[in-house]
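Take a look at this one chain, the form predicted on its own, written out in structure tokens.
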Amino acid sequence: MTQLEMAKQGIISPEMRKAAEADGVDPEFLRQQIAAGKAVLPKNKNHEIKTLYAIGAGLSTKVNANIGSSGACASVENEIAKLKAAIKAGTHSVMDLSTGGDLQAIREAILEHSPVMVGTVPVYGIATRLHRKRIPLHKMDVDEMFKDLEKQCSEGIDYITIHCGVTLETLKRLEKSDRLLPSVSRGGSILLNWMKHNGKENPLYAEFDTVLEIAYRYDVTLSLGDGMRPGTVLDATDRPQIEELVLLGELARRAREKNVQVIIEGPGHVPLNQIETNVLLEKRLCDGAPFYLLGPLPTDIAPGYDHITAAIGGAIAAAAGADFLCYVTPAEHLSLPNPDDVYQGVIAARIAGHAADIVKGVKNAIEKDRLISQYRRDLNWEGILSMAIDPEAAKKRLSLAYDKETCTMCGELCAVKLSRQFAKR
């Protein structure tokens, strides 16, 4: 049985107990959320995971780190270094998006070394092989694509992104739209290319039941990809994006009926005043399914600082009800990230998620802020460092004044020290 199937039957699995403990919630609460489709517990039957996390309503906001090679930069060692950086920074998940080097070896190494859930985009594999052989993408064999999908699921991948909401109807509307950037989704654009040249429906949509059969077999969670996500704030919340979201909501219902867990992917690039609307639309149209956002980025002008841009958008989105934030690194739009970029991206996304958890009233979220504030009141620097999201970075910055009690910002005019006589403890 899948986690969803057990939850529907009132069974609290050992995995649910572990994930509930990680979030500090009652296992029965988590079971109910999974049964209702408002939370998921990505855990492939063939993958042993050291730390299990659930994603969804009533739980802390989770963070994913995209890693993976490219044709210009590919090695197993590089990806393991990035995996280690992501884990050190506190990620809850990693996705292997490799398109360069030995894809099989990289995927196996990540699965072996990752203590958290692992996701992939299976269509990348066949697209990479075609590219290496200089075969046009529209020559992609459908049967081979499904074999790749099942192979990755059988190996232990916990969740997969499939762009099943990109259809022939989407293509027609896209060609008539005034979008500045037609598609910035790699998986979505591969399938658009295939449909355009073959005049046939997206096989992931046309044969969605086959996708469900494979996912059920291994209890793989489906992440319904947003092939029409906006790649600029100028294209946000437009017709192609929303029409795809409507279709993803319908497919999510079909998945849950077949006892397959499902999350919905979302934008992308969205102005601040549209972020909450996007979250509310997803929750309404997809029956409360967990929402997985890349960012979102509320402005396009910050190459080199997009981890900050994404943290701004991510905090607003998660506060509005988004459940899963895919980090964005300082290298976004510029290059393949290195381990330090990965680390910075995870930290930024975790800050955004925690800020949102305070707003959402997630259990114990504000207690961390209470503790560090008490340590600040007491000028307890060791305590402050112990509660910092990145203790190493905080320690490097710490510089105490001559009295060894205050920092060099205020020194003898430290407001905390001067106002102690007024504090009620």
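One-based numbering along the sequence shown. As the structure is a computational prediction, the values presented were derived from the model and not from experiment.
As for the form predicted together with a further copy of the same chain, it is not shown, yet the points below apply to it.
The chain is drawn here without a further copy of the same chain; in the predicted bound form, the stretch among 70-78, 199-207, 280-288, 111-119 whose residues come within 4.5 Å of it by any heavy atom is 70-78.
Contact here is defined as any heavy atom lying within 4.5 Å of a further copy of the same chain in the predicted bound form, and by that definition not a single one of Leu168, Leu245 and Gly266 is a contact residue.
Using a 4.5 angstroms threshold between heavy atoms, Phe29 stays clear of a further copy of the same chain in the predicted bound form.
Within this chain, Glu405 is remote from the site of a further copy of the same chain in the predicted bound form, having no heavy atom within 4.5 Å. Taking the partner from the other structure, a further copy of the same chain in the predicted bound form has no heavy atom within 4.5 Å of any heavy atom of Asp102. Using a 4.5 angstroms threshold between heavy atoms, Ala86 stays clear of a further copy of the same chain in the predicted bound form. The listed set Thr91, Ser185, Gln152, Gln241 contains one residue whose heavy atoms approach a further copy of the same chain in the predicted bound form to within 4.5 Å, identified as Ser185. Of the listed positions (Glu175, Glu213, Glu144, Glu250), a single one reaches within 4.5 angstroms of a further copy of the same chain by any non-hydrogen atom in the predicted bound form, namely Glu175.
Residues of 127-144 lying near a further copy of the same chain in the predicted bound form, listed in sequence order, are Ala127, Thr128, His131, Arg134, Leu137, the criterion being any heavy atom within 4.5 Å.
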